[in-house]
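Coming up is one lone chain in structure tokens, specifically the form predicted on its own.
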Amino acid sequence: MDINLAFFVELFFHVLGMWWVIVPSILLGLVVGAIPGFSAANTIIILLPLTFLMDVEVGLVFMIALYCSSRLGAGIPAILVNIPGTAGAAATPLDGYPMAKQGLGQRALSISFVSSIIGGVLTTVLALVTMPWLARVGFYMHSVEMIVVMLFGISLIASVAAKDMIKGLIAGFFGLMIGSIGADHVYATPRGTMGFLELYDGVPLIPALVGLFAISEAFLVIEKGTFLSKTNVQNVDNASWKETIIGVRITLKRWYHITWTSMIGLIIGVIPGAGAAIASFVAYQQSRTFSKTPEAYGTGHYEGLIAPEAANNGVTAGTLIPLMVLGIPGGATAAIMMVVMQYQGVPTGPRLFTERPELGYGVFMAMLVTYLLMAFTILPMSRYMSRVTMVSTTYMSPIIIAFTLVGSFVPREYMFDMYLAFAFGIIGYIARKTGYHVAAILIGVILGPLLEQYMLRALKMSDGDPMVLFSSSLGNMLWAALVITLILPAFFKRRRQSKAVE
């Protein structure tokens, strides 16, 4: 079969003809992504018997559409009520929620949707064109290189802590300490578990995520009695379709910002095990570093919302490249897709593109069609979704707490995780009341264990020689880039101050 432009055009219209599968999957994924604790992976696992009964092509299209839409849907509660639906949306509330509190929830949602869709479309097209080369990224990213990538994300703690460096760093180190709880990676000796067997695998991410953000926010809302001030309630009530159009225009004007932050997501997504959480934190940190107004981040800055949303949707194409090209799943959802393909007798890796090229390329074409259809199915909903913030806190706060506790239970099905989420909620509430940033704590909890894992792996391979961290050419380039991104904010700040004096 000739792989040319005509092949891709024909494949596009063939996949578009399966809209009857894609549109319901988009709506299901939207709900799944918006519920904290639920994800495309565990939803597909629940529906796995159904996908086995489907034709393999229909089943793959169904899973792809669910995967993409759930990634986009996770940003909805992150923006409206400060509840990231998944770890990949953990950086979204940093600027999305302040916009919602200002009565600009509809605008924030449209910015999020458009940046997610454009980021997803760009990276999917790029993946279709450059799959063989992108697949090799995973071969060059070893433990040393991953350590530096983790440090890019962890350095966001310093950015978040810009207003009060001491408190920010204390919060970050506290998160790193929590992240170290569990059996150590060398001798499997329990650390800080306090005798709880449920903590031997480490602190589960979802209870920490929903507790620090959602439950602590619900406590604050109960205390204040409202999400929005009377003026902002009026702004939401009077908002028309114009707000959605303004959000679209704001995002399209920043197409270059979407492009390079989604590329960060694509490259990190190709690395097996890296994931959307790392991509969104790194993209946010890089966006803030090279911004002309870094002090505006965290206050409802448009680019602070665009960067993590474009990046975590760029990851979706990246995670599937190792599976399709090499037969190595890049994430949980890709691993489940691999199970379905093997059950149906479909090969993965290089054989797929020689024996069944319409399936190999069709997966990415399904992703492209899904993102295009989401522009027409989800974007118009932003006007109605934003009205969630007007619901009385008498009803909203108990609903938030109930949903988040259920979401904490779902991944591992331990009652312990519900108590843990509540404990993190109390920690988050105390942190907010005393001026400590919960995002800094969460960054430590997410990235700390990963950094330790790669660090120990690198040291083990070098017999404990710390100079192994500087033994790789690519790693040294990343070290130089990290130093530059840490120095540049101070340089830009001094430059702006000197210009102001002149």
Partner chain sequence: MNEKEQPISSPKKNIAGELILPFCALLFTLYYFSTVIESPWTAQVNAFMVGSVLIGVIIIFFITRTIMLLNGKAQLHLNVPRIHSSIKTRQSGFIGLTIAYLLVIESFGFTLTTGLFFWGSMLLLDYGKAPVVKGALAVFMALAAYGIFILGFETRLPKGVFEAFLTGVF
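Source: prediction; values computed, not measured. Positions refer to the first chain, counted from 1.
The form predicted together with the partner chain exists for this protein as well; it is not shown, and the discussion that follows is about that form.
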Original post:
Where, among 297-305, 416-424, 242-250, 93-101, do residues come within 4.5 Å of the partner chain in the predicted bound form by heavy atom distance?
Top reply: 416-424
**OP:** Give a yes/no on whether residue 353 approaches the partner chain to within 4.5 Å in the predicted bound form, heavy atoms considered.
**Re:** no
Subject >> residue 57, heavy atom within 4.5 angstroms of the partner chain in the predicted bound form >> reply: no
**OP:** Examine residue 293 and determine whether its closest non-hydrogen atom to the partner chain in the predicted bound form is within 4.5 angstroms.
**Re:** no
Original post:
Using 4.5 Å between non-hydrogen atoms, is residue 394 touching the partner chain in the predicted bound form?
Top reply: yes
Original post:
Looking at 379, 128, 385, 169, which is the one with a non-hydrogen atom within 4.5 Å of the partner chain in the predicted bound form?
Top reply: 169
**OP:** Scan 409-437 and note down the residues that get a heavy atom within 4.5 Å of the partner chain in the predicted bound form; none is a fine answer too.
**Re:** 409, 410, 413, 415, 418, 419, 422, 427, 429, 430, 431, 433, 434, 436
